[in-house]
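Okay, here we've got a single chain as structure tokens, the form predicted alone, with questions on binding and movement later.
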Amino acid sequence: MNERTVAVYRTATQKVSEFTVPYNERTTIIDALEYIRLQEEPDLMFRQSCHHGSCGTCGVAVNGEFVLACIKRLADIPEDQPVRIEPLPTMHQIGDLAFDPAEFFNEFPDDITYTRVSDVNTDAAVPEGMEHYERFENCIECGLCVTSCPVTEDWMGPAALASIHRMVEKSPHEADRWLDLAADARGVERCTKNFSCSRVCPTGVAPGKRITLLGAAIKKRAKARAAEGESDA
């Protein structure tokens, strides 16, 4: 077992404190934080739940990179580099690395759905009474895309807009309703096409691509409506 110096942001001092942590090739950032809390700092605050990248609660900044602490391994960081763990900078901080996700969650439309038709085993037999198999959406609402985005004020954010695009895909008969929402002043037009949101997404949702597709759909609809208006005239 090797040892590594890990620096962690503490609210009380508003500085990072250094700790020596044992690690091997499988030790993750969340493992390191749990070791520190168990062995040295019982009041260290951070969010975690699943330990395998499916709940989205453990987002942190590691050397400035926005990651899920449960899947980022210490061994992935070159030994000649420091290990500095800090809270996600745009989230409402509760203490140390923990943040309140309420503001982030509030940007999602109230009536989006979190399941979709499964794209696996589409030819498999379906039990009686079922039309198809379903699965959860890929977005785990970790907030990494929002934190990485250069637009920080007066907009819905990449996660919410990506969810709106999924609703357009899943419910094309309600597309106008969702496109109206995306066309809001706090919607698609605020995107600067930085695409950092897609680069940090741990589940491949590609919010930047989805926002771009939403913008194209809004323009296509506007063009079609203009053409209809000219023909009526």
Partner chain sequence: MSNASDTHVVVVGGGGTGAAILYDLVQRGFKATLFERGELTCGSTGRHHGLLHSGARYVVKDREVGRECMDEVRILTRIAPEAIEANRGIFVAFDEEELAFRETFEQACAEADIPAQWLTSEQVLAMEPRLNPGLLGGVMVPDGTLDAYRLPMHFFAGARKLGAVIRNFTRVESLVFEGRRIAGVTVHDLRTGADETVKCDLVINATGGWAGRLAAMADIELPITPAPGTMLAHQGRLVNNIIERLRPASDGDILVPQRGLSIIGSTQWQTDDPDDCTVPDADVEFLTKAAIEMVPDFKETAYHKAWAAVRPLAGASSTEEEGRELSRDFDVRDHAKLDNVEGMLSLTGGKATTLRAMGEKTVDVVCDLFDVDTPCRTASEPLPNYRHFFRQGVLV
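In this text, rigid core is short for the largest set of C-alphas that superpose within 1.5 Å between two forms. Numbering follows the first chain given and starts at 1. For clarity, every value in this text was computed on a predicted model and none was experimentally measured.
A second form of this protein, the form predicted together with the partner chain, is not displayed here; the remarks below concern that form.
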So which of Cys70, Cys201, Ala32, Ala182 gets a non-hydrogen atom within 4.5 Å of the partner chain in the predicted bound form?
Cys70
If we take heavy atoms and a 4.5 Å cut-off, which stretch out of 182-190, 59-67, 204-212, 42-50 is in contact with the partner chain in the predicted bound form?
42-50
All three of Asn24, Thr115 and Ile140 touching the partner chain in the predicted bound form at 4.5 Å, heavy atom to heavy atom?
yes
Would Asn194 show up as a contact with the partner chain in the predicted bound form if we use heavy atoms at 4.5 Å?
no
Can you work out whether Phe108 and the partner chain are in contact in the predicted bound form, taking contact to mean some heavy atom pair no more than 4.5 Å apart?
yes
So in the predicted bound form, does any heavy atom of Val151 sit within 4.5 Å of the partner chain?
no
Ile94: touches the partner chain in the predicted bound form, heavy atom cutoff 4.5 angstroms
yes
When the two forms are laid on each other by their rigid core, does Asn106 show a Cα shift of 2 Å or more between the shown form and the other one?
no
I want to check Pro78: does it shift between the shown form and the other one by 2 Å or more at the Cα, with the core superposed?
no
Threshold 2 Å Cα movement between the shown form and the other one for Pro150, core superposed:
no
